[in-house]
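Let us start with two forms of the same protein chain, each given on its own as structure tokens and named structure 1 and structure 2.
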Structure 1
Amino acid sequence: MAGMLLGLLGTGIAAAGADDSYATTKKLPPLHHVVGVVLPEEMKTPKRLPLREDRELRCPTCHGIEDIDKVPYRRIDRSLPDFLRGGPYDKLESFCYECHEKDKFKRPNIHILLDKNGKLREERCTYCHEEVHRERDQPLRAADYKLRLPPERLCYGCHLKTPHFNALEHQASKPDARMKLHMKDSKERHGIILPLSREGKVMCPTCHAPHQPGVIDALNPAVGQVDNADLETGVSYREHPWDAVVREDKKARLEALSEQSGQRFELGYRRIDKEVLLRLPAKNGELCLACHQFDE
């Protein structure tokens, strides 16, 4: 989300002309926060985000760059820590929550599809499906899922396209004939499905089972095999001594990358403790080995 906002912001800036500062054009980039608005008394803002005396929000409220409104947009260095005061921020939302209350903007976890009594929260089904399928013990054919978007794009409505490392690499890949044979074996062996997109490519639901355990009949191969964690908590990790080894392994290459890009990166290792909504456990490699096999 933050990336998308920044991307749009960048596009807007690039499209603007040479003398395109806010002071001359009075135009803000797309998706920019409104300025000139007087904040209500009940909205608490941190001291490092200064408002005008009458509580009006101006450019310097958020930006630490001096006279930023007079700098042409294309010359604004958004990588400066004080581009957004108190930055840099890994997630743009973190900056938004400096003033806005996080809880009020929190999205529901729509994967929690059952209430405390085990009753289906039907309104959550309709985030992805056009219709609620109430005959839960009757399996549906793929054609009858009535998804709001093709399955390969559906998850991006809420999740980033890059929610974890190697997501992109998997989404772009198309299993070859040998891998498909191995996948077929795995599906039969484990009694699961490993669905591919219409183009035969890997997609999020190939590995992730989106339905909370108990929503689909347990004998249905579409049900996820991983059921050891609280959906509210999600995936949890444990610290591990290998973290230091992995960091040492990556150190030199990450430093070189940081020099090139001007951004600091870290890569470590934490062992998965609890995992959720997967077709097979990943923490022992079963999920990976459902598709991948090695000659030696």
Structure 2
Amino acid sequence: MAGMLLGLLGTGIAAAGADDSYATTKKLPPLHHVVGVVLPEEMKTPKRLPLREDRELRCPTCHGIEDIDKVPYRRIDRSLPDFLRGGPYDKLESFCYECHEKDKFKRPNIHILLDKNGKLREERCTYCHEEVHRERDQPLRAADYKLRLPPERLCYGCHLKTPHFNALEHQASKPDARMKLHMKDSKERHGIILPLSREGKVMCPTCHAPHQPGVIDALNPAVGQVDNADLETGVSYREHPWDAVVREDKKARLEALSEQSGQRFELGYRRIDKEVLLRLPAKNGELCLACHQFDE
């Protein structure tokens, strides 16, 4: 939803022509919300976002700048509080939800693959798989997974390449012979899998289990994972005494960054309490030790 505004907020507009206003060109910036559409009666909008009598959405519906449709894009001052009516907004999505229902735009957690009765939510399987494997007690060969993309790329359809510390460094690494022997021992010892990409590199599924407990047959090593948290809740944290130390250490640098950027930053420290979708616990280092050996 926020992407609808990115074109207007981006720096690319500065390169536009001298008279490139919407009134002149009838062209909107890339990814901009459409205008000239009539909103249905059931769509409720706040009074501060005025529509035409026929409920048509116009430029002044969202923007408080006078005659903004006649202003060349490069001259629009996007820092004005009323650039978006009721602004400024910390998150663009907050403005979108003035009209759109937030719950309808929530991305589903596709890793929650079982309903309350333990039945497979097959429509979520097909986010990653081309076909649904209904005989879950029957093992599959890798060629039968019918993944929509190679496993080393599949997760990027929803997740960032760098969702956590050292993620990128891990994905570029290729275990050597010594590490592979240690990984083989760890897999046998813990009854898990630590799959590598076709090129023999670490990938997201090496450490992360994509299926929630109960989806894969319990005798299959691929089922092995931590199981101490609710997927609806996700990873949870607990307070730790180091928080005060970290905050004091970062205080001066964050204040300087806030002054430069005009935004407020806060950084503290908490310990992981419960984990989800990991082959082994990471909070105590057990997952790391499945691959790494640290000489005494």
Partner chain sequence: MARLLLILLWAVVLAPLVGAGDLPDAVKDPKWWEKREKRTDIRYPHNAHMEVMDEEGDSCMLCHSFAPNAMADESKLKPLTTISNEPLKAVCHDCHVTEQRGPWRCNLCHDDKTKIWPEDHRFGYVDHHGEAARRDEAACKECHLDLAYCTNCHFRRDTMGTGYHPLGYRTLHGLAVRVDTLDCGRCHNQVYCETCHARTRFQ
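Small disclaimer: the values here were computed from a predicted structure and weren't measured. Throughout, residue numbering runs from 1 along the sequence of structure 1. Rigid core here is just the name for the largest C-alpha set that superposes within 1.5 Å across the two forms.
For the form predicted together with the partner chain, the corresponding chain is the one labelled structure 1.
Annotation for Pro150: C-alpha shift under 2 angstroms between the two structures, rigid core superposed.
In the core-superposed comparison between the two structures, Ser79 has its Cα shifted by at least 2 Å. Taking the rigid core as fixed, one finds a CA shift for Glu232 smaller than 2 Å between the two structures. Core superposition gives Glu259 a CA displacement of 11.6 Å between the two structures. On a core-based overlay, Glu93 has a Cα shift of 5.4 Å between the two structures.
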